[in-house]
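As a starting point, one isolated chain is supplied in structure tokens, in the form predicted alone.
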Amino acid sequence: MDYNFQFNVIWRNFDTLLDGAWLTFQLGVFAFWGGALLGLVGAALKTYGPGPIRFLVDVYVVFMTNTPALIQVYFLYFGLPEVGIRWSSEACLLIGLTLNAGAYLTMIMRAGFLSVRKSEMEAGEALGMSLVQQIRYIIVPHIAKSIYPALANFFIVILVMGTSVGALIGVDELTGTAINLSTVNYRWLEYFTVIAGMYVVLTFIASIGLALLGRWAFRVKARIF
């Protein structure tokens, strides 16, 4: 092998890579928490909603979980302009990832809803709680404790795998930034070696943050990695 590594080229543009990493982290956080809100509403409607509403939730979940996230983002970015709707590449990526995450998190949180004991719900009814109050004070804390590790793992998936889709529609997240920089000097191997390490660091930071949040807010002993 006669390849001459030149990592000094990457270090000269490292601040640009850090900007891309920060955008990646922001997109992952907003997409996850937006998806978590959609998932909570979807799980509640699927559990307690009337038949037609449950059917609509099922259609949403089946469609979003059986089509690639890339196709969903492409539809927003390339398809909607055909009918006069134009959003920025960042908005299309964020909305696409949020809708995709919401579908998966609906299924995850649905399992949490079903795991709540009937006696707990009956106790809430005896105290005069409405359904919304039961979801807020009984179901959500129970879900947080029972499925928090699954939620934390899903955030890592969005952060590492989901946001990199943005590189294909011109979003300057970490992968997109590396592609743009490497087309200037053709040091592909060096750039992608470095960003692979940066993704590991991002994942490690996110894992620590989620573990600390789980232990502080929900008393869940979530593992780091």
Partner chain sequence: MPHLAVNDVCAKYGSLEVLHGIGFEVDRGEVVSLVGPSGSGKSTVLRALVGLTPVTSGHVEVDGKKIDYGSSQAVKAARDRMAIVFQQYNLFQNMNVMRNVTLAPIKIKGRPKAQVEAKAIELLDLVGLSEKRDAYPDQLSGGQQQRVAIARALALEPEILLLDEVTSALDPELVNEVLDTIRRLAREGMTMILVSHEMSFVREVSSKVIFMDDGKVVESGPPAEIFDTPKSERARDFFGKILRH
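As the structure is a computational prediction, the values presented were derived from the model and not from experiment. Positions refer to the first chain, counted from 1.
The same protein also has a form predicted together with the partner chain, omitted here; what follows describes it.
Visitor: Within a 4.5 Å heavy atom cut-off, is residue 84 in contact with the partner chain in the predicted bound form?
Guide: No - in the predicted bound form, heavy atoms of residue 84 and the partner chain never come within 4.5 Å of each other.
Visitor: How about residue 79 - does it come within 4.5 Å of the partner chain in the predicted bound form, if we only consider non-hydrogen atoms?
Guide: No, no contact at 4.5 Å.
Visitor: Tell me, yes or no, whether residue 124 is in contact with the partner chain in the predicted bound form, where a contact means a heavy atom of each within 4.5 Å.
Guide: The answer is yes: residue 124 has a heavy atom within 4.5 Å of the partner chain.
Visitor: Just checking whether residue 138 would be counted as a contact of the partner chain in the predicted bound form - the rule being heavy atoms within 4.5 angstroms.
Guide: Within the cut-off, so yes.
Visitor: Of 98 to 106, 147 to 155, 112 to 120, 68 to 76, which is the one stretch near the partner chain in the predicted bound form, taking non-hydrogen atoms within 4.5 angstroms as near?
Guide: Looking at the other structure, the answer is 112 to 120.
Visitor: May I ask whether 129, 133 and 142 all come within 4.5 angstroms of the partner chain in the predicted bound form, judged by heavy atoms?
Guide: Every listed residue reaches the partner chain in the predicted bound form, so yes.
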